[in-house]
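Given as structure tokens, the chain that follows is alone and in the form predicted alone.
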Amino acid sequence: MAKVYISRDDKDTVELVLRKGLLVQQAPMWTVLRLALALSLKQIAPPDESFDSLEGGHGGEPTVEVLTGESQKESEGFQDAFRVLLSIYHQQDLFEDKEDKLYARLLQRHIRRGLREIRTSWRESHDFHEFLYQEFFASQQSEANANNVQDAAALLHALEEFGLNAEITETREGPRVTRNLVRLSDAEDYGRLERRLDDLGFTLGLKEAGVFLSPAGEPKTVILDVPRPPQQWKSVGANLLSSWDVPALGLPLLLGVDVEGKPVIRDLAEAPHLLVAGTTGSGKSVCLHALILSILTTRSPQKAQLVLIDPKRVEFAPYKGLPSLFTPVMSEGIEAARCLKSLVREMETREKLLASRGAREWSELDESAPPRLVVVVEELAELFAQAPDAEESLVRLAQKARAAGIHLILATQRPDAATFSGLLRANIPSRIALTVQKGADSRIILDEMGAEKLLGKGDMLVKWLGDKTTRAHGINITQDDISTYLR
């Protein structure tokens, strides 16, 4: 079995990247070695023989099978893909290297050169993901700028077709949307533009997605947020959960980023309850995972505990056995209904505690108070189908549990009046709407239109108690990310 050798300095670099760069210290070594290989393959000249020597000491010997993923039983790995890459790069047929000696030696040279590049070009005080972006994608910026110029010209041309004279004073590119500051020639053009938004989206070829309009706070100036094609989107990675500045709030939630890429943070304690709704494929479950992880990664079990209700039986399985759970994860409707009734009794007990201490809000109590509780229901419609009496307990909690430090996060892909009844709507003022099929669904969630024009895959409208509606792009959380953050 062929091996690739790295030096002691190389191993130190790998450990530094895992610890300080990727913030996943327990991840396997090949995570960084593959990045190093990619960095080396960017260079035109091949690595020289100096990388065959291990001056400074031996740092490790991962096998070629581990590096390429071929050692994993559930996958055949990428051995052929790696071999093709190196064959093309070096203009040699490495498939004829039956013992893999030359193949392993070239692989080692590239990996060690890439590690040297990281060691000399990146500093641990700098953002490692930004370093990777600059190394791999900065050269594409000129192409992106050219696209922006073309898109701006198309937008101005479309406005002219509607008889609107305007100029674009500034363009800002976010993860999925290009924000255009547009100065209109006449203040009355705002109303005309608002009425023609659907036509504008059609003219720009946006299909179901729409252009979002809002005032810019300057005379005769508006904001037009125009979505870009999916191939131009920038993913909002789970690393954001490790790098955000956690504010001093009761229960801070990281929802994602806004259209310009800035973190969107809200306080669940001020919500005080939240509805998350969107159609299948809109990113609802991924959004829930991001909310749960933002609670788990910023609060100790003594400060906030979770009650997870999963009628679909699959989404909350990774959280079983966590110390931050107030009760075991529940997947049966009858079991969940009993739990909600017990939470009503818990609420009443806490109300007596507040009265005995002369307090009106949970935040007024000292550190000796029981932890806040966050109840998360993965699919409200399924829960009601299995246990109709669960709604009564949820309504009582929504009406009174805020002062007792109990908060609800209810999710559904069926935002209809039967699922989100009038009593729940009246007592759950904070909402997250992901993509829905009809404007009527958007009205049920937000009391306004707009969610039917979102882009899917985590694109959302956030309406928090006391704030105006904000657009955000959710964090892309995978099962691997969940496992990493729960270690």
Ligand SMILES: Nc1ncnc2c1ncn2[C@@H]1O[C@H](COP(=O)(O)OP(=O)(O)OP(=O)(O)O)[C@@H](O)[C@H]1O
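Numbering starts at 1 and follows the sequence shown. Worth saying up front: this structure is predicted, and the values here are computed from it rather than measured.
The following text describes the form predicted together with this ligand, which does not appear among the structures shown.
- Residue heavy atoms within 4.5 Å of this ligand in the model of the complex occur in exactly one stretch of 27 to 35, 457 to 465, 425 to 433, 441 to 449, and that stretch is 457 to 465.
- Proximity of residue 469 to this ligand in the model of the complex falls outside the 4.5 Å heavy atom cutoff.
- Taking the partner from elsewhere, residue 110 is found to have every heavy atom lying beyond 4.5 Å of this ligand in the model of the complex.
- Using a 4.5 angstroms threshold between heavy atoms, residue 229 stays clear of this ligand in the model of the complex.
- In the model of the complex, this ligand sits within 4.5 Å of a heavy atom belonging to residue 286.
- Of the residues 352, 90, 195, 312, just one reaches this ligand in the model of the complex with a heavy atom at 4.5 Å or closer; this is 312.
- Contact with this ligand in the model of the complex, judged by any heavy atom within 4.5 Å, is made by just one of 386, 413, 171, 203: 413.
- Although this ligand is omitted here, in the model of the complex all of 176, 280 and 475 have a heavy atom within 4.5 Å of it.
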